[in-house]
Ligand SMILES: C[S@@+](CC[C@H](N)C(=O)[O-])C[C@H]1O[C@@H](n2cnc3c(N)ncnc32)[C@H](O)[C@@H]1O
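This document starts with one chain, in the form predicted on its own, laid out as structure tokens.
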Amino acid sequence: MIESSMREELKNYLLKIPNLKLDLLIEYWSKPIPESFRVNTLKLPEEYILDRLRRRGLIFKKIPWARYGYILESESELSLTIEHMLGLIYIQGPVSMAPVEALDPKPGEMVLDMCAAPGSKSTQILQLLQGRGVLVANDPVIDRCKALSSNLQRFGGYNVVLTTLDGRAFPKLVGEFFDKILVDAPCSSLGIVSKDWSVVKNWSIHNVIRLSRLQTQLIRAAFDSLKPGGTLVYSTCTLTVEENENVVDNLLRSRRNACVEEARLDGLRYEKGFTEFDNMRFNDELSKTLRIYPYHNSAEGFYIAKIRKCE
């Protein structure tokens, strides 16, 4: 079904990606992403919430790379449970939890989530801040901020400020201000086709290039808003090189004090980022970035790059 609706332009592009198993990718695109959730320890102890879920007959297993993350193994509508409605759990894809784990926010830090809506990663950051420090949850689209605001309130976070700025404006407004920044950038979404098959119908390299320009501007703005020694995580839920390695490589070329660090996440399967693709050649440091395909973890596809502002 997906293969028959895929544009030839996209198929030809995917065939160029080194080591990509296209048949396996299409197979996993056809499967639903496993339902998974985080336990909200800001409200109640983790084991208390897990016991409530077990008494409902739910079966789940721990996600090794995500603190407080679990994959559901029994059939259930988590979104209809009282635990979800009360904000005791937050429903989120398993690999979607990886970028914040790579960022590793600490209590007391100033953190920016530059593209925050609908709030999955913002609530995850709040949990790891443990009520100390401040999160700025930003999204420029007002309608998306309604969902962001609702999720932040239901989760019970209070040390958060919601803003509706163009992310590119932050350097002029705050200077080198934040300890850590997450840029989970708008992208062409090839890692989550199983959620929306129209992605493969509407894909075009023209749109990818347009998004790449925006992503390059956002990652530069985020880097310029970091304190010296601060950490930036850039992530997308897509597979194109133009939106991933090329964006990070542009940052390294334009900001000499940008240093790539390897994100170490227990149990997460991935391939190394590319240092070359087609006629493009990238900084060798790009091999420290993570390229995650849906078939690696039977979940979403993602790209994750962890960057430090060297002092």
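Numbering starts at 1 and runs along the sequence shown. Because the structure is a prediction, the values reported are computed rather than measured.
One more form of this protein, predicted together with the ligand, exists but is not displayed; see below.
Annotated contact segment (heavy atom within 4.5 Å of the ligand in the predicted complex): 120 to 128, selected among 101 to 109, 68 to 76, 120 to 128, 200 to 208. Exactly one listed residue, out of I89, V241, I181, A116, brings a non-hydrogen atom to within 4.5 Å of the ligand in the predicted complex: A116. Only one of V141, L173, I82, V161 comes within 4.5 Å of the ligand in the predicted complex through a heavy atom, and that residue is V141. Residue contact with the ligand in the predicted complex: P186 places a heavy atom within 4.5 Å of it. In the predicted complex, the ligand stays beyond 4.5 Å of every heavy atom belonging to K195. Contact check for R168: a non-hydrogen atom falls within 4.5 Å of the ligand in the predicted complex. Heavy atoms of L218 reach within 4.5 Å of the ligand in the predicted complex, making it an interface residue.
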